[in-house]
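Both blocks below hold the same protein chain, though in two forms, and each is given as structure tokens: structure 1 and structure 2.
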Structure 1
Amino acid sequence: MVKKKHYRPAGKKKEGNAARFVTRSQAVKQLQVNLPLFRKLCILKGIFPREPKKKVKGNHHTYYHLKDVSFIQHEPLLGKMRDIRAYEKKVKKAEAKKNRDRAIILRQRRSTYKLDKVILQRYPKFIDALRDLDDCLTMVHLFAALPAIEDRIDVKRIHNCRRMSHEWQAFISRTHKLRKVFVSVKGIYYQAEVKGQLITWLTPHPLQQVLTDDVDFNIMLNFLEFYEALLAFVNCHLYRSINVKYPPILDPRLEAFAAELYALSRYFDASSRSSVLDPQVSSLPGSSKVDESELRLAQLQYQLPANEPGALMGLVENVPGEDEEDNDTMMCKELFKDMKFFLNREVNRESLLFVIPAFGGIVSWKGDGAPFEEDDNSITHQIVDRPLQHELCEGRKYVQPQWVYDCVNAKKILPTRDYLAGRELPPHLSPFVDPKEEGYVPDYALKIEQWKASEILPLPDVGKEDLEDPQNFADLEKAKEAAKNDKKLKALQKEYFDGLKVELNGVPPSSSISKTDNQISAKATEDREESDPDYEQIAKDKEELELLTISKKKRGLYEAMKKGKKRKHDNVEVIKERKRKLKESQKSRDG
């Protein structure tokens, strides 16, 4: 008996992908909101489109999971958004009737909403928030550098982004958590390690930004709204972890001079002094009052000298509440110790004010609000980026900004000979790329490794002046090669003496073997060599056999891996060929 095919009547419950996924238009209709509000809710709640295996409505639709849509439907923020939308209609109606007084009153009474519960839902633990902080920091730093445009980007939002970015940088610099810096065409990449999590973000260059019309700023502002709340939550948690009150109270004079990082450093110093001098203040019953604590911190801050360079030094010793420092933090803290920097006007002041104190240095600049002036005799390095027009100070090194970044990435004070003012700079190597994995190690990376090795394992009869001179590394390499040859010679002599001891103990010497035996053994070895299999061919046959047994998907992945390795090898060969041609052209030019 043939079983009839079952046909599902119309209007019955669906199954499979048709029941689990809905299109965007269906989701908007189910939530009863417009498309911009639906996008905003998806951004705030962290909901993204899905790719079902079988697209029921076609490939030209965007699909969402039905559980995600119901998750938005039960969100209290959705009702708040609807109320705000209805309230905006009242404002527009009053403006249309030219009732300005009512419109002003309605704008003043406009309701707002907070994203605290949304952040707690998306990030139950603080580590989860730190893992998702890369895009947040990049977006906040981007808007901090953008100009304010009417009806597109508000001035208050830009000031808020700038304030929070400086608060984050001040904490990283204060706790010496910065690990890598790379200056690229896109901007400056930073990487910090906070609570064991590596956080990487990109900041734009301090140039005039031009906004284009092909960018939808509404979607970017929706992301920024969530990122502002997330970064404020992270900054608050980090500041409290080192016993510093949040939000910080800054000196308005330094804020007027655009020296927010220096003002934050002074605020950290004032907070640390207050915690060291009076550690029992936080345990008092009246210490929770906001007005009294703010007044106390402000008074302590203004008691600091206006030009105190020690405020930029970072941590105060024996500050309670701070985590134990690891080896990387201690190394970063001691890198620029006992060094005093002065920045010229043409260099990127904000970047260097962030990087140098993060590695233990003291820094000042040319301008209002600076902790010390250019004529200070204790300055060890002056950062310049133009040809010098004045007389040089004795005992001071005039270097270009790349020297600071290369020292940070190498975790070592590099020689300043190649970075002096007016010199052609060496290549700025990216610390985010492993040259050994790429298959090509630049010459300057080898030179830096040699500098590191010479400091860790110094050779005998080699002075510090010789180590600082990069031209003497050829002699050092020859000395290392001679030492290796001596070790090999000693090993061969030891093997020879061991053989003599074996013969003296009663083993017959090898010279007593007859010529016929030698001829027989030589013929046997030749036959064995002829009969030895080709191991390369065996390995190739085994690889082909394994390819036949694996699935088509894994075979495709294997072929893609082989193509990627071949592409990387070809790129390395191209770089080597260019390098060879460049050396030949330089030789012909010098000749």
Structure 2
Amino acid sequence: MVKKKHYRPAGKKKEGNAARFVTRSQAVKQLQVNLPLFRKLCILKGIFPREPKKKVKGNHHTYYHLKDVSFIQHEPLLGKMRDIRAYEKKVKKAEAKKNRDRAIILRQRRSTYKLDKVILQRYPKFIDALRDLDDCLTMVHLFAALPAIEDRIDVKRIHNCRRMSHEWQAFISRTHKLRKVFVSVKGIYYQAEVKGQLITWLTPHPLQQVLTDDVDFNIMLNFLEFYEALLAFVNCHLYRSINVKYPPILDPRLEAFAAELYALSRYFDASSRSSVLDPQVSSLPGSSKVDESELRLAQLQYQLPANEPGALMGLVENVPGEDEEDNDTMMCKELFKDMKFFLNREVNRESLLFVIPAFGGIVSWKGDGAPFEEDDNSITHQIVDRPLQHELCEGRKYVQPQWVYDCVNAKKILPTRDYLAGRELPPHLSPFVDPKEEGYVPDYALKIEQWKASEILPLPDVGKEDLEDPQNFADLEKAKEAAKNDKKLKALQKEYFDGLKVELNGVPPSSSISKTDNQISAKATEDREESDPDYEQIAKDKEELELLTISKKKRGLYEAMKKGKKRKHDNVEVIKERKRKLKESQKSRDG
């Protein structure tokens, strides 16, 4: 029967999805803007398409909710953007008429817009902003590493990104909020915990970035525009929260040496001192503990030229601790306590300058503006990333940078033996992996766990042997079991097909089935341990029965879940297989 076409009277409004959702082109038409401007507004306002339950216009359209569209329509930015566009025409006109003076004047008076209201609207609470900060930080850090491109990326913006990324890092480092670091091929992942929010961001390696042509920089710049504003406000809020004046004034000399982070940490130090000195701003708890002489010392040191005071970083440690610091923060603060690091020329200075102070260490580097020199006797660790060439200094360890990151992730000072300069490094493991979910734990993770568990660090060789053998056995056993299961499955399959054949031939089914059943059970009992064959059989039967009784809707879900699990399991199996092969090849090489 043909369904009757729905008829809507002429005056009646649309209802349902047709009334609530519009396609993108409809939205653009309604707003009377062009597509790039619509995109920009969507990006700034954080408006995304939504999925209606019924797509009235077809599947290949993107749908926006009508409320979202009217949300843009009432945005003051929209009017401002229109004005700016009209103004640009004025400038163009002046230029076309060769009225240079007027064009210059007009350009000077160009109006700008601010995003503060939009940010407040999108993130009514500070926590909301922190929750969405991941992408913002990743992008700002990426642009901080990009070269300026003519007509596309302004130098000023890149400098701004660089500055703000350093401000953020300085805050994290100063308040010891960094939790995890992971050096990947894509860059360095950092994870910090600010106000209970885990914020993860990626910084590219400090190298010349590969520029590609297949990206639309306009879109990225729109995002960047918003992110820059957001990060500035977030930084401002965070700096205020620890009583530091926000746009920090940096030592121009240090800035020139590209050591902004260090400059920022010095700035922090100085400002916290001054706030302590200021009687009105004594909100910093425990400030009274710091005595006057120390204050004067610190102030003096702030005024001293940049490269002289080495003890200043040490003083940072003594800054009155905030009461609200949780256990984690305390632990992070204490990790590299009483350790002095020196970075060689070839290591990634920016990253280590960020990470080491974040975990309470003192750090210096080779180059101008460094707080202490290489020949300082109190240095405990020197970070080297190439085979040692010159003679070593007494009383310090020459380690590779991975040691610092691994220590940070393990929250424990690991033995430096494997990490000494020139050695082949142990694997660098991701701290973001949940071993339970992954289903596979690499050897080195187990080893670290063991170290963590035992307070006294064992000799690495002994630990290794102990660990590897059980793993091996377990693997072997598993492989055997798998082989067994395979065999059994094949037998079962054969039985089943035989049964089918018999049935087809016309023999009464009851007898043959019972026979095969018997055979199956017999086989199963043979394969399994002899002790309780009945129980195994029962379990198997039950499983089958349950599968039969599961409802159709749930069965699909169940099967999908099983499939996902199996895929994961297969991946783990592949890895284990590889490991086994590697071991074998190693053994054969040794033997």
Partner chain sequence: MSGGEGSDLEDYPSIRDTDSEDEESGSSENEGELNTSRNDGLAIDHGNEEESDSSGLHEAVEESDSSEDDEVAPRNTIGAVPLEWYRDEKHIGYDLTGKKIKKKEREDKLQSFLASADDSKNWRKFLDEYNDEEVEVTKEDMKTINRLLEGKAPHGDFDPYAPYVDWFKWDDSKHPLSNAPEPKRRFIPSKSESKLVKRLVLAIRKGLIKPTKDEEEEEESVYPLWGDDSNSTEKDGSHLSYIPAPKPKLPGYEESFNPPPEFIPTQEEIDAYQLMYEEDRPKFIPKRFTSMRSIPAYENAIKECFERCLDLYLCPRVRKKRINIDPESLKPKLPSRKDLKPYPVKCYLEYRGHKDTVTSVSTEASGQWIASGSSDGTVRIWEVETGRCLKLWEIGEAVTYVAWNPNPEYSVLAVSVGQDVLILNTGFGNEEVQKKTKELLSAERPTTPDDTATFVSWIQDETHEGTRLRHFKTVSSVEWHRRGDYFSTVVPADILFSVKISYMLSLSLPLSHITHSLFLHDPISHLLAFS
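Quick caveat: nothing in here was measured; it's all calculated off a predicted structure. Structure 1 provides the reference sequence; residues are numbered from 1 along it. What we label the rigid core is the largest C-alpha set whose atoms superpose within 1.5 Å from one form to the other.
Structures 1 and 2, same chain in two forms; the form predicted in complex with the partner chain is found in structure 2. If you fit the rigid core between structures 1 and 2, you'll see the Cα of residue 557 move by 2 angstroms or more.
When two forms of a protein are overlaid on their rigid core, residues whose CA moves 2 Å or more are considered shifted, and residue 566 is not one of them between structures 1 and 2. Taking the rigid core as fixed, one finds a CA shift for residue 545 of 2 Å or more between structures 1 and 2.
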